[in-house]
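Take a look at this single chain, the form predicted on its own, given in structure tokens.
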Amino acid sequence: MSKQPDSDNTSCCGGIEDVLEPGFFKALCDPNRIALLIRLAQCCDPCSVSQMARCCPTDLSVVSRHLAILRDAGILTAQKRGKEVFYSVRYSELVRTLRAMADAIETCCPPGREQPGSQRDE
């Protein structure tokens, strides 16, 4: 009889659930949001929704909704100036989040430790 794996891996993977936020992944799963994030990163300065919409083949309201999703996930920051909202990338927060995810995964599953039945890409 083989031993069943523990369903509770908190002994070796404790805390991973704290950094693998579904909202973060949901915000980044859409190609349009990735394109907006790239565009904002390339601009290096805050951009208004209307500026962002000029470079996208989608409606202004759709661009605004995509930017709000990225903001709600903590990836962007928004600042209202008069009637317009300007968005910018939260670089330090994005780096911190990605680094925390990488650290948690590496702690849980260190390099060189293969799961039974897994195949490595060669």
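Because the structure is predicted, anything quoted here is derived from the model rather than measured. The numbering used is simple: start at 1 and walk along the sequence shown.
There is another form of this protein, the form predicted in complex with the DNA, and it is not shown here; the text below is about that form.
Chemist: Non-hydrogen atoms within 4.5 angstroms of the DNA in the predicted complex: do P57, K80 and E84 all have one?
Modeler: Yes.
Chemist: Report yes if any heavy atom of A35 sits within 4.5 Å of a heavy atom of the DNA in the predicted complex; otherwise report no.
Modeler: Because no heavy atom of A35 falls inside 4.5 Å of the DNA in the predicted complex, the answer is no.
Chemist: Please run the contact check for R65 against the DNA in the predicted complex: heavy atoms, 4.5 angstroms, yes or no?
Modeler: Yes, R65 sits close enough to the DNA in the predicted complex that at least one of its heavy atoms falls within 4.5 Å.
Chemist: Is R90 one of the residues lying within 4.5 Å of the DNA in the predicted complex, judged by heavy atom distances?
Modeler: Taking the distances in the predicted complex, the answer for R90 is no, it never comes within 4.5 Å of the DNA.
Chemist: Is it the case that I69, even though its partner is missing from this view, gets within 4.5 Å of the DNA in the predicted complex, heavy atoms only?
Modeler: Contact check for I69: yes, within 4.5 Å of the DNA in the predicted complex.
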